[in-house]
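Presented below, as structure tokens, is a lone chain in the form predicted on its own.
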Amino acid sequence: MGVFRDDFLWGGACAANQFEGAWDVDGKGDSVIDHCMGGVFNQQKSITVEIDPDKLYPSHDAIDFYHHYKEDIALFAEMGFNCFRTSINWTRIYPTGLEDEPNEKGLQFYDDVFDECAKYGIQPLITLSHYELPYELVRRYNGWAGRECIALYEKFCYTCFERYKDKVKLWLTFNEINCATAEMGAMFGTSTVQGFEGNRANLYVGPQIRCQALHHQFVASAKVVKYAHEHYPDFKMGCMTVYLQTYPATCDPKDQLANQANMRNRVFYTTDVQVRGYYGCWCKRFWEENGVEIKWEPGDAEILREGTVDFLSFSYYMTNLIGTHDDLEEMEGNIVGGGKNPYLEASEWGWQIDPDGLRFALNEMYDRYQIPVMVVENGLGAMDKKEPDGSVHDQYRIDYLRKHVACMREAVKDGVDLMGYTWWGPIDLVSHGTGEMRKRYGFIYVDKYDDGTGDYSRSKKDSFEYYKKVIASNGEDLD
């Protein structure tokens, strides 16, 4: 008998804004990401208020999954996927978010995608909001800082539920919702500044707006979860967070306390609300020290209690150090900040590779909440070299995958109820952090480059066959 359960979900994860392309096709409106241009390592991507036809926006074409979905899903099936996580782009369904009636062509596209998945026995795991806030809601309400977004999000979700109720049973309300507690939450789909233009590194949204916007997302998520439980009892509703594991830099008790506070604010702030139904006991002090005063509406507390999720999912890529001493060396290029760990190697983009940290994360989450957990993003972005014969020998990606799956097995032996694993970017796509194509994650190579050139052809990397073997053995054969 193997370690992973017989119904373990193996697959991959993508986001509409990072791989669909066709940004203005068939009635689709513009989302926040459609206003972002590309960046590079150590240089944040830029934002424009208006779309400039003379500038390159990576999301506009991406890898054109919109017109290649049959080919791509067939390749996923060949690898043995029984689960595919993707998102529904809000602006395909409601182009500005304000319409009374949905866009039928957008609805039909996802019907076609889900039907293609069903043909191969692949179960969709759908994220309802993956940094795809309609940009018109930024102009009108400053994004989720405006409570008006709650009702508009409900309308979008209920439309999706009713349309796809026979095709989708696993749902996530928001992607990496805890990014809102960090400054990077400003352009990661939570809220933004009306009229802002320029380098994203210069965009600052203070704690008051971020926390209030996040509260609105909590309420929206809880309402949608409660509605699903009441109307679609066969749905399983989940939350999704980025697990930003940090370790104390030293054994100095001050470093221990600093790390505890960091983990609370960066991770448990959101999962406590979505899983337990209430804010953590430390939040009051956090709000007071950061000048935050959450505006509650009557019934909010009850809504949060009644709208808790069925399972908890998270992304896991790296770990960092937190310390109070001046000699802590910062990791270069690390998007979330943190100190360098001398015991770990790092990727070409400065992300420290820590498979044991995934085992630690799974135990922390399951111990704390005692509901099923799922790793819905994990992967390695790297600069792949395509050989003259078209092959890509990505042994580094195979090694990364092997070590992380091995540590998941250990977590299951520890007693963690692990539902599944979806590798981030099973096919090359646009990096969210920098907008680059050269930061490749996929088992499938896409002929598309940062200057917009490429013929969009797909080809298998060495890691394709390795993941196929891992899935076929239900995680037993890692050699």
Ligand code: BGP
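The shown structure was predicted, so the numbers you read here are calculated from the model rather than taken from an experiment. Residues carry their position along the shown sequence, with the first being 1.
The discussion below concerns the form predicted in complex with 6-O-phosphono-beta-D-galactopyranose, not included here.
Is there any non-hydrogen atom of Tyr441 lying within 4.5 Å of 6-O-phosphono-beta-D-galactopyranose in the model of the complex?
Yes, contact at 4.5 Å.
Though only this chain appears here, would Gln44 touch 6-O-phosphono-beta-D-galactopyranose in the model of the complex if you measure heavy atom gaps against 4.5 Å?
Gln44: no, not in contact with 6-O-phosphono-beta-D-galactopyranose in the model of the complex.
Flag Tyr131 as yes or no: does it have a non-hydrogen atom within 4.5 angstroms of any non-hydrogen atom of 6-O-phosphono-beta-D-galactopyranose in the model of the complex?
Contact check for Tyr131: yes, within 4.5 Å of 6-O-phosphono-beta-D-galactopyranose in the model of the complex.
Using a 4.5 angstroms cut-off on non-hydrogen atoms, would Asp394 count as touching 6-O-phosphono-beta-D-galactopyranose in the model of the complex?
No, Asp394 is distant from the partner.
Of these, 444-452, 24-32, 57-65, 423-431, which stretch puts a heavy atom within 4.5 angstroms of 6-O-phosphono-beta-D-galactopyranose in the model of the complex?
Residues of 423-431 come within 4.5 Å of the partner.
Which residue, Ser313, Gln274, Asn89, Asn175, has a heavy atom that falls within 4.5 Å of 6-O-phosphono-beta-D-galactopyranose in the model of the complex?
By the 4.5 Å criterion, the partner-contacting residue is Asn175.
Just to confirm, with a 4.5 Å cut-off on non-hydrogen atoms, which of Tyr366, Trp351, Tyr110, Phe76 contacts 6-O-phosphono-beta-D-galactopyranose in the model of the complex?
Answer to the contact question: Trp351.
Taking a heavy atom within 4.5 Å as contact, would all three of Gln18, Tyr317 and Glu377 count as contacting 6-O-phosphono-beta-D-galactopyranose in the model of the complex?
Yes, the whole candidate spot contacts 6-O-phosphono-beta-D-galactopyranose.
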